[in-house]
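Only one chain is given next, in structure tokens, and it is the form predicted alone.
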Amino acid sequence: MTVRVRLAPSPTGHLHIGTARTALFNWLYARKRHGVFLLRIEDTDKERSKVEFTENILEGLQWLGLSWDEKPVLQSERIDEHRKAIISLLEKGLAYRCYATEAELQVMRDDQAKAGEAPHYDNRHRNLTSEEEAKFIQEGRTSVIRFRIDETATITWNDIIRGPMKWNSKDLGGDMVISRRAPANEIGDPLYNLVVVIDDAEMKISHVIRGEDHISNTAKQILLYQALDLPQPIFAHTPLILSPEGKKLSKRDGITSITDFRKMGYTSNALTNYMTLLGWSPPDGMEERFNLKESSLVFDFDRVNKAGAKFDWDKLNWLNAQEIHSWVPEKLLEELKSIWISEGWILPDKEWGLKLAKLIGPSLTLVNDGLEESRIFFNEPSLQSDGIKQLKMEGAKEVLSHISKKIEQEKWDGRNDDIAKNLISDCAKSLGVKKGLIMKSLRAALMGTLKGPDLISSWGLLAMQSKDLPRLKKVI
């Protein structure tokens, strides 16, 4: 059997990390089994579906490296096929029109709540006579179309993550609505459980891999596969991504969209690495840091957990830092240039940029951390409290004055670290002071604080731009 899997997002918002993790598991499984990964945009919600959300989903998947193998399917272009299936169910007597009004249904739900019952449709219009139906039509009532569910049935399937599954049809909430309300003799917009069955069958999907929150939908859809005489796919229900507190991750938890992660400075490799670990355990001997190709060689569902996976920011940050630290300066420079440009900063030349990338790279957790780490090299910093305190130390201004005069004599261009080290040694010897005073005072004058990257390298970068002397003279 050729493995054919799909991601079927609704374009009603940006690509969510939960959807992206589902896409990742589908993609990994397809690549491991030499199968096909497909994309279907479920855009039948006319009010909420937007083109910009579709574009965001496609762009996010591409950025993550999750390429699809055939042209994406737009569900809205298949409405006629969905309606044909509904007509077929009506003709077979497996579906019927329900004329109950919203007010009547609300009274039904209220009565069920008072009786302590779970909300469900009581199938009141399942067996209408032709006279009763004619009366409703004469009253001008609209109708939904419901699929008949035998409440004595037991639905079973073998979930390749969770094993044997069993669902009693009486727990599905009564006969299922498969099309929205419409005037008599018309068919309203087909609904999710019906259309997903039709489309998965048409796309020859072999495995439906999705979150565990779809388990009840799976039970309903199996009944539709059987009623429509369509081949039933194999199902796999992945664990949900939970917040650090153990609740389902939602927009209320803050950063949840792939766009947000990307804007914060997370890398695509680190994010796919981390998402793979959200619910999947690597084989013995495999390190937790890996790329898509490496994980696709070993990924399978026997190592996917049933329990929800708590989101761990520390773990993601560690993976992201490791990814950035593995980059060569040229790669890091390319990533940093875009955030520098957005800040209005002009890169003097490539040599200078590579030196700066090499200097700050080891301290970065997020690419965006490079903004603050490099700020002092583009803009003159203000003096911080620790810098002010250092410059008030006895002898601080004297050593800076001595260094300034020597720089002018040496005509240092910042490219030879030995010259900077000799300047410090000469100052210590000439003035009879400790190197610690010199280096701390230099750091305070050049960077505004005693914290920051390597002094000699930082000084060299400023000297290459002729920014070191103005800063030193300003505080003397």
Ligand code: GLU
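Quick caveat, the model's predicted, so the values are computed rather than measured. Residue numbers here begin at 1 and follow the sequence given.
Below: the form predicted in complex with the named molecule, not depicted.
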Exercise for the section: With heavy atoms only and a cut-off of 4.5 Å, decide whether residue 9 touches the named molecule in the model of the complex. Expected result: yes
Handout entry: Partner proximity in the model of the complex: residue 146 to the named molecule, non-hydrogen atom cutoff 4.5 Å
Key = no
Practice task
Answer with yes or no whether residue 249 is in contact with the named molecule in the model of the complex, where contact means some heavy atom within 4.5 Å.
Solution key: no
Exercise for the section: Report whether the minimum heavy atom distance between residue 162 and the named molecule in the model of the complex is within 4.5 Å. Expected result: no
Problem - Which of 177-185, 394-402, 206-214, 278-286 lines the interface with the named molecule in the model of the complex (heavy atom within 4.5 Å) - result: 206-214
Problem - Residue among 332, 95, 271, 196 with a heavy atom within 4.5 Å of the named molecule in the model of the complex - result: 196
Problem - Among the candidates 318, 192, 157, 167, the residue which, in the model of the complex, approaches the named molecule to within 4.5 Å (heavy atoms) - result: 192
Problem - Stretch 361-392 - residues with a heavy atom within 4.5 Å of the named molecule in the model of the complex - result: none
